[in-house]
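Just the one chain here, the form predicted on its own, laid out as structure tokens.
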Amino acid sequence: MKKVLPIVHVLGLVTMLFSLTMLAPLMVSWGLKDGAVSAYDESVAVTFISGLIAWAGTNRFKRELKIRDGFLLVVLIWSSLAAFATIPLLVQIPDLSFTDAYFETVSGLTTTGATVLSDLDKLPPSINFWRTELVWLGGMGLIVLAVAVLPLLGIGGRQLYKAETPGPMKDSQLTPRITETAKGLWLVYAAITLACILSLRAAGMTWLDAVMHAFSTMGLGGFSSHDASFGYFNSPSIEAVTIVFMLIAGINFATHFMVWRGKSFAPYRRDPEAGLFLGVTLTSVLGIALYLWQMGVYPDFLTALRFASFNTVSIATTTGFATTDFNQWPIFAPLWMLFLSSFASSSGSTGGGIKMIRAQLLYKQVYREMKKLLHPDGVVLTKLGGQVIPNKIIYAVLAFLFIYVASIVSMTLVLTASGLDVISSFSAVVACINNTGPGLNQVGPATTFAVLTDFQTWVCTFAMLLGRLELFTLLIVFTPAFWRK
């Protein structure tokens, strides 16, 4: 028990910091007089006092965190902060159960964007603001934010950063100091978000809608303040702006950081993922547009291109916005979009799935094995971006893929056994573990996850956390070896 107390100490500090994030929706509620001010008063007080008790009560146990401490702390932060985030929803929406509220906040923090709520247009604006703020915070990762702040308070965060950073190459650093790296990433993230807000406002959104949808866009989360999502605006210019920023958010933010620091676009050319991500996504847009046009879904190619481009980019980048019920398209198109969501976005982006870099490494490993069959005594190396990839990274990627597929199969079987149809089960699991948002059939873009039973909701909640924490970070704390001395 004593070895957990230093982790609880840091968790308490992060919880106190998290309570401050509730001040933004409080100000929105106060400014718009939407009647939800008391919900945030209670939330800030309960969250801050809980964190203070945990932090002060374990003060004498504080120490520098070790590797396994980092994994446990990441899991505790994501699961516990989502619980505190439910308070405004539970206070303001009386009929909402804790299961559904927890699903909603986990969906926000993991940038999944799947929702159990309906009548979004009738909710107090500050509640929708809180939902989209969760997406924005989760986008770059609360942990990276904590890494930038905690060292200032005498608590190192390198192990947190390694456990949280997405992608297979966690040891790469942008600056010598991890704190400077985290600050740089957040600065770039905030600057691009500001550009997104201004662009959406110029395209015709109100200021409040522009802020909320920019939060969701940059977090690649997909929460909207309208039941019809982007279909509510029915604006090609707003859709065009959002497509551009979804694509930007789907590229590694470390690459954006290097572009900003070096004042040169050269890092985009050197990024082995960025070009392929854009190429695969835009080629898929054209292919799906042609398919929908040929199938007679839309009367002309330009209309098909408009709907295919927004919805395909949205799902491929794991955002989850929609301008139409693509569940009604011929099944090939939405299945291809779900397939894209599994690998298209870059590592270090705010997207989900296995990431483009792992897909590239898997392809190169398959090619390597075939060359070794032809030349058994030859030395065949796997290279990416001109660098030789060590075998330990290849093995890690293969293990990741096995767990990823096994998780999808096992959770699909569990949902199917619990009474959900196969298409809904499979698409719900894929949409949740990839942090995409809408699935197909009963959990399609025109419906919500409210149709699920409590058990099915908890399965999908676990899938969202599993995907956001890159599988191993969550699963490792359930192994006996993790708790062994």
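The first residue of the shown sequence is 1; numbering continues from there. Everything numeric in this text was worked out from a predicted model, so none of it was measured.
Absent from the display: the form predicted in complex with another copy of the chain. The rest refers to it.
Peer 1: Using heavy atoms and a 4.5 Å limit, would one call Ile394 a contact residue for another copy of the chain in the predicted complex?
Peer 2: Because a heavy atom of Ile394 falls inside 4.5 Å of another copy of the chain in the predicted complex, the answer is yes.
Peer 1: Is there a heavy atom of His375 no more than 4.5 Å from a heavy atom of another copy of the chain in the predicted complex?
Peer 2: So His375 counts as contacting another copy of the chain.
Peer 1: Indicate whether another copy of the chain has at least one heavy atom within 4.5 Å of a heavy atom of Leu286 in the predicted complex.
Peer 2: Contact with another copy of the chain, no.
Peer 1: Flag Ile476 as yes or no: does it have a non-hydrogen atom within 4.5 angstroms of any non-hydrogen atom of another copy of the chain in the predicted complex?
Peer 2: Taking the distances in the predicted complex, the answer for Ile476 is yes, it comes within 4.5 Å of another copy of the chain.
Peer 1: Have a look at Ile87, Ala228, Val116, Leu362 for me and say which one sits with a heavy atom within 4.5 Å of another copy of the chain in the predicted complex.
Peer 2: Contact check passes for Leu362.
Peer 1: Between Val388, Ala266, Val379, Val366, only one gets a heavy atom within 4.5 angstroms of another copy of the chain in the predicted complex; which residue is that?
Peer 2: Result of the distance check: Val366.
Peer 1: Check for me: heavy atom within 4.5 Å of another copy of the chain in the predicted complex, for each of Met27, Trp55 and Trp260, yes or no.
Peer 2: Per the other structure, none of Met27, Trp55 and Trp260 touch another copy of the chain.
Peer 1: Within 4.5 Å of another copy of the chain in the predicted complex, counting heavy atoms only, one of 451-459, 55-63, 422-430, 39-47 shows up; tell me which.
Peer 2: Going through the listed ranges, the match is 422-430.
Peer 1: Which residues from 324-359 come close to another copy of the chain in the predicted complex, meaning a heavy atom within 4.5 Å?
Peer 2: In sequence order, Ile331, Phe332, Leu335, Trp336, Phe339 come within 4.5 Å of the partner.
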